[in-house]
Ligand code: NAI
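Below, in structure tokens: the form predicted alone, a single chain.
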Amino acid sequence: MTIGIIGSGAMGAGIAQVVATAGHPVRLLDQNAVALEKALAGIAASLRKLAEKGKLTPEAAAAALTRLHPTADMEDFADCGLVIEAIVEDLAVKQQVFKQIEGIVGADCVLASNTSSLSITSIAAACQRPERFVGIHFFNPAPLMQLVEIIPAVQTRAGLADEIKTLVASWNKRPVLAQDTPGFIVNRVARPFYGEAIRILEEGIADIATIDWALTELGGFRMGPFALMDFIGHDVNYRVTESVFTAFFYDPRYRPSFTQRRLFEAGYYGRKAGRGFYNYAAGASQPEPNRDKTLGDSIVQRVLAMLINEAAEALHLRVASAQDLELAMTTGVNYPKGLLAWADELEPATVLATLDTLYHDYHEDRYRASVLLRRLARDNQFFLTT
């Protein structure tokens, strides 16, 4: 099957590399000839590195390159069986693009968006045949990240999401199914990792270095929330937070912080800008954490309770299965454990006690416990069967 990719930026080029390596002829579309040339050079360099590391044979890397066909003409998508869009996160722009594509591709061609924050249903609504539309959300960098979220729209025909899941699995990826709700799985469930860490900072309980130290050294997370936000970029992370907050009808659990917004407004986007929560200028001194274990444990307990609560609520509202929730958080953001398994290890009643204490102290709806967590704690049950 020939696959079309719209957009040759980091995500588009990465997806193109994945599907070409998997054996598919690829049409990589971009109106910008310089961007296309840069994308092809980047893919070639990436394949070469993979071959040097022994993750691909030189022959497989060379073959993948021969399957890439750059184009500026959407008419070249006429023979595609699947088209994946990876362009700017603008609903109107995406809708217009798919209106154009429908006049070119065959009746059996599946249309997909790689959006991370927009409604799949809203994009599909612009199509004459929305039943063939689905979300296929890769994580950056697509060639290295194993997780792919598959999101059917309200209009998607029965069975299509499962067919795409099987196809994506054949690309050596680990796909999960998610409902078309804001943030899907990862960008929804992970919000408290950032939001609650910032809240702890704003209250003066601990500084950024101490919070990052606690969550990495004591919590086992690969990166602390502030280092991770700086790595992602506040131009990306803040916008996702704002988008999820708006999409959830301003639910206080997802409220953005003024602290991050001010960094965004100042252009202090993180590593890419040389400054974010941390200063990345040459010779800049980095803050030292307060390695008080009691303080650190309380930070981990608070952030982890919020993450578990979000996972519990996602399971309760059937955003995804327990298995897919666990897989998404361990492969998509490299959490040391699935949050439901972590809850069972701590015991739901213990997690609930932390949340109820926070709610009692703050009387803020952001700390309301999921009804599923409360039921399990009451009945002395667990999220996962053993």
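As the structure is a computational prediction, the values presented were derived from the model and not from experiment. Don't overthink the numbering: it's just position in the shown sequence, from 1.
This next part talks about the form predicted together with the named molecule, which is not shown.
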- Decide yes or no: are 87, 137 and 140 jointly within 4.5 Å of the named molecule in the model of the complex, with each residue judged by its heavy atoms? yes
- Query: For the chain shown here without its partner, which stretch in 354 to 362, 55 to 63, 23 to 31, 330 to 338 has non-hydrogen atoms within 4.5 angstroms of the named molecule in the model of the complex?
  - Reply: 23 to 31
- Message: Please tell me which of 35, 317, 322, 349 lies within 4.5 Å of the named molecule in the model of the complex, judged by heavy atoms.
- Response: 35
- Note on the structure: Checking 260, 156, 210, 115 against the named molecule in the model of the complex, the residue with a non-hydrogen atom inside 4.5 angstroms turns out to be 115
- Distance check, residue 11 to the named molecule in the model of the complex, heavy atom within 4.5 Å: yes
- Message: Is residue 284 part of the interface with the named molecule in the model of the complex - any heavy atom within 4.5 Å?
- Response: no
- Message: Since only the chain is shown here, I'm wondering whether residue 275 would be in contact with the named molecule in the model of the complex (any heavy atom pair within 4.5 Å).
- Response: no
- Message: Since only the chain is shown here, I'm wondering whether residue 97 would be in contact with the named molecule in the model of the complex (any heavy atom pair within 4.5 Å).
- Response: yes
